[in-house]
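Presented below, as structure tokens, is a lone chain in the form predicted alone.
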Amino acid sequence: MEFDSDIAIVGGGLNGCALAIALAGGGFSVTLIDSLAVDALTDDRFDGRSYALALASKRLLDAINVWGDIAQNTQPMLEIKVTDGRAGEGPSPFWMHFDHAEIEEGPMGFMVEDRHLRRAFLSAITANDRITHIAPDTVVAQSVDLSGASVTLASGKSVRSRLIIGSDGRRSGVAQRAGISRSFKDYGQTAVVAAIGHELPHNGIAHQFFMPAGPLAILPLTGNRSSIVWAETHARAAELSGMGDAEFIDALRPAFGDFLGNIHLAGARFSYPLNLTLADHLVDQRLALVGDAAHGVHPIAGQGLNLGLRDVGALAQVLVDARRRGEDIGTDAVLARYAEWRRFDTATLAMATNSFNGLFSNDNPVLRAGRDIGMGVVNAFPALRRNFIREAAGLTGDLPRLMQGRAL
């Protein structure tokens, strides 16, 4: 049977791009199918979107030769401060402070704008002759058999490969067509995301401020700018999204505080509902899921993209190792190794973010006292702090070679 490529990746987002580059670097031919036009991926205007990359994710990007193209546009996260309180009242006296100087590896993570990361991915994809980039186009049908898999595109094209990988988001069509069901929980919250300019320097410090309706994350960008992820009730978030810029800043200021001086909007605003969604299976016959197609978690710990990149590192390693042993990469036995590797980590982070959100997104005085004491205890013991720092940096658990900064 003749194949158009070894692997077809459906979904050209960040995880799909990273996986295509990693697999091509491992010697596979890859077809990447993207619903967005290429010119939408090369728009250099800042639209406010950015990501927190853990140190382990930075190592993966370095290993697949992407980091060099974005390094100068990233902001290291040197400290994380976690506080509890109510808007306008100031933080609780109990808090947690994590400093990268307590570990030897370097900054816990880096903030990077969406425009820089997407442009670097596209450049690497365009330069790699093992990657066929089809965009814009969408998959309308898929089928698998004992020897391979096929996808049919809206344009009428078809792609035959040994394996289909779904990297097409929380409403993954790849998963739906394979009959993979999902577990779902609505948090009753919507995240309002924006970039904020401020008068004073942030000094590379990230802040997570827990309020009764949901957390507010203030994450340092290059220059005197920060990215905010503000979780509010659906109704309040709709109000915030409908406000003019000046009115929005007036609403934000009591929660944001004045520690960075005067603030203003430095980009567009976005909003998206917060929920937990987990695919019941990460693999099926000649099919695997990565990123949000496999799991969507609460952004409370900023680990969504990092969790997807762990999928990328694990799946790329499993497939490369299988081919070196002469195995058919699309067999159930090979794909089961990926599923077994990622299932525990995915479930653990999903439970942790779910529990954290439930514990902190309320104004129950008993829970508030308990969580404040807990933060005080963690902050008082260096060994506990270092464990949390290493977790935030993505340095714990069974890391794929790429996330250790090693080649496949």
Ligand SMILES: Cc1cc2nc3c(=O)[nH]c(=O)nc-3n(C[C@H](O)[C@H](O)[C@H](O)COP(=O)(O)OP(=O)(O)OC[C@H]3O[C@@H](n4cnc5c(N)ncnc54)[C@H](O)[C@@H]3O)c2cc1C
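All values derive from a computational prediction rather than experimental measurement. All residue numbers are counted from 1 along the displayed sequence.
A second form of this protein, the form predicted together with the named molecule, is not displayed here; the remarks below concern that form.
> Which of Val82, Leu221, Val139, Val283 has a heavy atom within 4.5 Å of the named molecule in the predicted bound form?
Replying inline: Going through each option in turn, the one that passes is Val139.
| request: Note which of Gln317, Ser161, Gln208, Asn306 lies within 4.5 Å of the named molecule in the predicted bound form, where distance is taken over heavy atoms; exactly one does. | output: Contact with the named molecule in the predicted bound form is made by Asn306 alone.
Notebook entry, point to check: Would Gly394 count as a contact of the named molecule in the predicted bound form, using a 4.5 angstroms cut-off between non-hydrogen atoms?
Noted result: Looking in the predicted bound form, residue contacts with the named molecule do not include Gly394, since no heavy atom lies within 4.5 Å.
(Q) Residue-level contact is defined here as any heavy atom of the residue lying within 4.5 Å of the named molecule in the predicted bound form; does Ala322 satisfy this criterion? (A) Although the named molecule is absent here, Ala322 would stay clear of it in the predicted bound form, with no heavy atoms inside 4.5 Å.
Within 4.5 Å, heavy atoms only: does Gly291 come near the named molecule in the predicted bound form? Gly291: contacts the named molecule in the predicted bound form.
Consider Ala63 of the chain shown here, and say whether it contacts the named molecule in the predicted bound form, taking contact as heavy atoms within 4.5 Å.
Output for Ala63 is no: heavy atoms all beyond 4.5 Å of the named molecule.
### Message
So if I measure heavy atom distances to the named molecule in the predicted bound form, which of the stretches 98 to 106, 187 to 195, 327 to 335, 258 to 266 falls within 4.5 Å?
### Response
Going through the listed ranges, the match is 187 to 195.
### Message
Given a 4.5 Å distance limit between heavy atoms, list every residue of 4 to 18 close to the named molecule in the predicted bound form, or none if there are none.
### Response
Val10, Gly11, Gly12, Gly13, Leu14, Asn15, Gly16, in sequence order.
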